[in-house]
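Just the one chain here, laid out as structure tokens, in the form predicted alone.
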Amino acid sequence: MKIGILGTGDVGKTLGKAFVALGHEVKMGSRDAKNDKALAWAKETGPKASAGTFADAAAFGDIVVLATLGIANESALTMAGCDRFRGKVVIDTTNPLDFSKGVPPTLAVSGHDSAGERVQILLPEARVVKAFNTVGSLHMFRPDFPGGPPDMFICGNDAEAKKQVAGILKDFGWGVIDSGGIESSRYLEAMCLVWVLHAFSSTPPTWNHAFKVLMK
């Protein structure tokens, strides 16, 4: 399968490398086809990895992963060209974090709205699934915790798209909890803040935690 990654940060690099490890081809996109971080990542990751623009990555991917800063989603998707996402599964990993008042951050989009919903509005013919937004990049692939595999919460309007993303998550070593339609992004993005606030409850902050749903 071909995977397009929009974003060159830790999340994009981690997920891109994980997809390659599972045998997929990955193109990392950024604003500039000659982006140093993307080119270095591709060189380090091997022959199944390549780099290009946002538009290149969106056109390349059978599945596209949105891994930009949440507050930059609209700009990145506009640069990529919204038509390039038509019919595709888009995995939205982002959180609209606002660091203007320092850390821990707040959400720039909240209440009766969310970054996930805005992505679906921007890409009306894509099948957007929110995932990977409630844990740090360190544990996104094959998470290893004493209590067993943690759970990743997902949401989206397309049942088949969620089934496909759930399969990817299981390949990555996660349990999967479906929390409903894309409007549930409002709560999953808030869960990111819970994850962050717990990190800052320790001195120094620790990022080695994840969520798990226990059933009886």
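Just so you know, these numbers come straight off a predicted model, no measurement behind them. Residue numbers run from 1 along the displayed sequence.
The next section is about a form of this same protein that is not shown, the form predicted in complex with another copy of the chain.
Only one segment in the set 53-61, 171-179, 35-43, 66-74 has any non-hydrogen atom within 4.5 angstroms of another copy of the chain in the predicted bound form, and it is 171-179. Annotated contacts: Gly111, Tyr187 and Met191 all touch another copy of the chain in the predicted bound form [non-hydrogen atom within 4.5 angstroms].
Leu22 falls outside the set of residues with a heavy atom inside 4.5 Å of another copy of the chain in the predicted bound form. Among heavy atoms of Leu123, none comes within 4.5 Å of another copy of the chain in the predicted bound form. Another copy of the chain in the predicted bound form comes within 4.5 Å of no heavy atom belonging to Val119. By the criterion of a heavy atom within 4.5 Å, Val213 is counted among the residues contacting another copy of the chain in the predicted bound form.
In sequence order, His139, Asp144, Phe145, Pro146, Gly147, Gly148, Pro149, Pro150 are the residues of 134-150 having a heavy atom within 4.5 Å of another copy of the chain in the predicted bound form; the partner itself is omitted from this view.
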